[in-house]
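Take a look at the structure tokens below, where one protein chain is shown in two forms, each on its own, as structure 1 and structure 2.
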Structure 1
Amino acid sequence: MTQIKEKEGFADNLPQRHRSGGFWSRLFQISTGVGIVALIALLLNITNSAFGYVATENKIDPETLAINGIPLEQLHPIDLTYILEQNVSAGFFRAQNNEKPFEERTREEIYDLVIERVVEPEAAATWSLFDSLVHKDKINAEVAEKYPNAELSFQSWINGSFLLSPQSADPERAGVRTAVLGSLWVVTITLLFAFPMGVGAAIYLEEYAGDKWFNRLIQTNINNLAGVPSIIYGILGLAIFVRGMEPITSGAFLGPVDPTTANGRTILSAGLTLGLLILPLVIINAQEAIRAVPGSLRQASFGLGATKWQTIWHHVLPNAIPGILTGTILAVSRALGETAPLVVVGASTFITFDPTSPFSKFTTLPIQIYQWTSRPQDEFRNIAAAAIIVLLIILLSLNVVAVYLRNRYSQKI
């Protein structure tokens, strides 16, 4: 009798539960759709600024630089050197010759220098990708009216020159090479610091630490540190790595160093700061991966006479490594996009030389993007959009690596 009543109650409640499940299902679908639309809007906005028509005006018409009727693009390197010497300051010409004698430069190098320093092309106006595709006739009319001496061309602000050029005050010649190298240096140090420390802490907490108040306190603090604002880590890094450990982070303990880098505001300080930032995430992800390894595997290893460490090294870690690597790379992806801690630690907003060691001054892609978006010229916003695309490609590449490593090690298991 009781079972019959329970079945009747179950049947009576079934439509209501179906309606509740349908409501939450539709709500989740709507939230997913909103997220996809927002992501598409973001990508379209970035792409819209990274491509489009550009009206370029030259300070000196290249046709006036022809010699004996030979156009500029066909002149001999000696003639190009002569044009450069006659149209730039003596100090700049000597500096370029000291950096690399003109006799040793290729024709293309000298020609590019003439275009950059003599012809001096500048963007008089730019248009977005949408306007370039939809309002082409209107753009042509506007250029003919306002910029009669300008040349209109469709330009991709992300190109080979943009990737290989250092930062510049001129948006037409600015690039992200220095920022990309700085980001790679910082992320490498971050990974080398956070990965072994995080995995080691996770192994201790999951395999060795008992259920004691001290270990529970450590675990609680690790969980709380994962939610601390990133700028707090920047202040911590400024106090510890930049000021407290300056002889080490500046490289002074190795001997005489460049005075511009002997203040601790170096790649090493930035990498260690971001390492602290992602360390709680690495620990938590590694703990979850280790916890997911079946306990029967440990018992089987112990039953065959293996020690605890042999069990961890030969059985637990190989089974947990896909999850550990995935969580670590995703944490490093977060570090790659951080700006606030690096600003506090002392990243440069304008730097034209590439980092060569952990003790070099540096900048990163997010800081470079921030610096360009704060400039008043429209062209800097165009190259900022191009830099965002470069950053997204690097982040997506890291995610692809995470998926590849997870699948590869999962198959081995």
Structure 2
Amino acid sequence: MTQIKEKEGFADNLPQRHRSGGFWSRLFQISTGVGIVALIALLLNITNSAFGYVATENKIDPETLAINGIPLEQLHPIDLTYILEQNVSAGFFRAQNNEKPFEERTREEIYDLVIERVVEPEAAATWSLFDSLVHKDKINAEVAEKYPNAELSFQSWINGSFLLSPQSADPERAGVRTAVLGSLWVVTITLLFAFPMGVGAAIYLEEYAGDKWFNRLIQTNINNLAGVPSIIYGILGLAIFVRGMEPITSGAFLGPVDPTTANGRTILSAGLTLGLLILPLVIINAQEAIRAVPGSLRQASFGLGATKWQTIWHHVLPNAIPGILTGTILAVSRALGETAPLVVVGASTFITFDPTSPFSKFTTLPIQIYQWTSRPQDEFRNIAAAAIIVLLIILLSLNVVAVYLRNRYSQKI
């Protein structure tokens, strides 16, 4: 084989060029890996806190509460009520009795109350999932040494009672029920506002607006609004909905409201604020979906003597609706995850009651996560992680629906 000679005046630098090519291509790959690693680290970090061993210490050992050798779990309701009366303040006992007389309560209800108020189990220490799996022996030793009275058990912080319980100052008993319901209420308002408004605007811009300066202004403005930081919407919501429109957003226009409650810091204000926030996204997504409807359909319709609105209603919208819905779902998931604007609008830091109307005080899942994350105690970190998992699952299911819609209808035209 003859060697191909380098032409005169050219350096034989190809191997070196290939080497540097290989180096950089490796670097690009590694960078891409960083993205994946970050995602994995984030998910692992959350899982790590959401499960693990807990050492629980009781304020009063339940065994000492046994009467005549009958253990606490098997005591008669009357005995349980007696224990309760002996161990809690008279005021609390009376208040409970007023709320629902003890004679009318089931044994389980009274037993739960005894556990909660008398036995008062408390997490003395918690361990992450990683430690729980790898350093089991060390944990056992540590518990035996530091918390001789504690009971060690493996706990999933995300569990049935976590999903169903309202807020509580006690991390062991706190749940996301109030927050999940709050999120649903708020997002419903958001949707009721942003969907018709956004789709209407998109139809106007795509089907009616000519190339006039005002229409161009609207379009540019929408693009810019999409880039405004979400906290600015919070400030706007505070000024307009909470303060400026207080008689409406507090529900006062419907009749007298309890002055100790929400004033303008209601679900309605929060929902409208998020509505303004996602409006540009809904519009831009809907515009894209409408633009994807082939012009030939419009021509066919106009050619038959249809009016503009008949054409839009019968042909453009039915064909654009999957795309519009997909885009709206994505915008709604953005709203579901928003925190900062709602803090500014005035999310409540602590409510235990289910929201009942648009004029209720509100908290939402991300707000709850924020508040729990900001607490120094470890157990709040654990329930924050559990709440994050709940939030991510909700968002994931929304995205699955969006992808399904997109795939299901994308081949149609």
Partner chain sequence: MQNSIDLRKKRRWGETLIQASLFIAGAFSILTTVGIVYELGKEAMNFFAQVSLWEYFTGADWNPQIDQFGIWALLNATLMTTFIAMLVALPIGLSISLYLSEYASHRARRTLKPILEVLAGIPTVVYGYFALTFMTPLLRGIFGRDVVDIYNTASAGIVIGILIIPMVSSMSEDALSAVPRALRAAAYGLGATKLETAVKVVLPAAISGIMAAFIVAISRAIGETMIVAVAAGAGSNFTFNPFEAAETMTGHIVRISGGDLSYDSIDYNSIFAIGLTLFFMTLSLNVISQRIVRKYREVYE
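Remember, predicted model here, so these are calculated numbers, not experimental data. Residue positions are counted from 1 along structure 1's sequence. We call the rigid core the largest set of C-alpha positions that still match within 1.5 Å between the two forms.
**Student:** Of the two forms I pasted, which one is the form predicted on its own: 1 or 2?
**Tutor:** The chain shown as structure 1 is the form predicted on its own.
**Student:** Take the rigid core as the frame of reference and indicate whether the C-alpha of V403 shifts by 2 Å or more between structure 1 and structure 2.
**Tutor:** Yes, shifts by 2 Å or more.
**Student:** C-alpha of G69: shift of 2 angstroms or more between structure 1 and structure 2, rigid core aligned?
**Tutor:** Comparing forms between structure 1 and structure 2, the G69 CA shifts below 2 Å.
**Student:** Could you tell me how many Å the Cα atom of R19 shifts between structure 1 and structure 2 when the rigid core is held superposed?
**Tutor:** Here the C-alpha difference is 13.0 Å.
**Student:** So with the rigid core superposed, the C-alpha of G33 shifts by how many Å between structure 1 and structure 2?
**Tutor:** Its alpha carbon moves by 3.8 Å.
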